[in-house]
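Next comes just one chain, in structure tokens: the form predicted on its own.
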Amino acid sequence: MDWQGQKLVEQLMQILLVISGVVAVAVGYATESFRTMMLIYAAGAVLATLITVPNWPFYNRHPLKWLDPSEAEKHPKPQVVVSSKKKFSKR
């Protein structure tokens, strides 16, 4: 899954959960049934999971092009700069 696919998954999950929540509250209020509301919301959560969790092919429309390992060895690695320690005095 590429970066754009992750963004799409996040948006789809949020949209599906909000829609199922609104529908669940509306139906639960209309039928005066907490059980119905929870079942509708649970069904929406399961649907959102089935759509967003598997790595579907349309989430990988923009694959990343990785650097070849032999090419990566030619480029120097960044050096870590160690800063001096700060001395704390008791006041």
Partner chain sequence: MHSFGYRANALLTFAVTILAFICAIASFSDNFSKQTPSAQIQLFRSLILLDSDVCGGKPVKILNINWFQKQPHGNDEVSLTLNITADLQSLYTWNTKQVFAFVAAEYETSKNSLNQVSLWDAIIPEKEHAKFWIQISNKYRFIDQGHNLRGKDFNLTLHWHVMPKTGKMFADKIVMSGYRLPDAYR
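This is a predicted model, so every value here is computed, not measured. Numbering follows the first chain given and starts at 1.
Just so you know, the form predicted together with the partner chain exists too; it's not on screen, but the next bit is about it.
> With a 4.5 Å heavy atom cut-off, would you call L64 a contact of the partner chain in the predicted bound form?
No, no contact at 4.5 Å.
> So, Q6 and the partner chain: in the predicted bound form, are they within 4.5 Å at any heavy atom pair?
Yes, Q6 sits close enough to the partner chain in the predicted bound form that at least one of its heavy atoms falls within 4.5 Å.
> Any of the heavy atoms of E10 lying within 4.5 Å of the partner chain in the predicted bound form?
Residue-level check for E10: yes, a contact with the partner chain.
> Quick one: is V18 in contact with the partner chain in the predicted bound form, heavy atoms, 4.5 Å cut-off?
Residue-level check for V18: yes, a contact with the partner chain.
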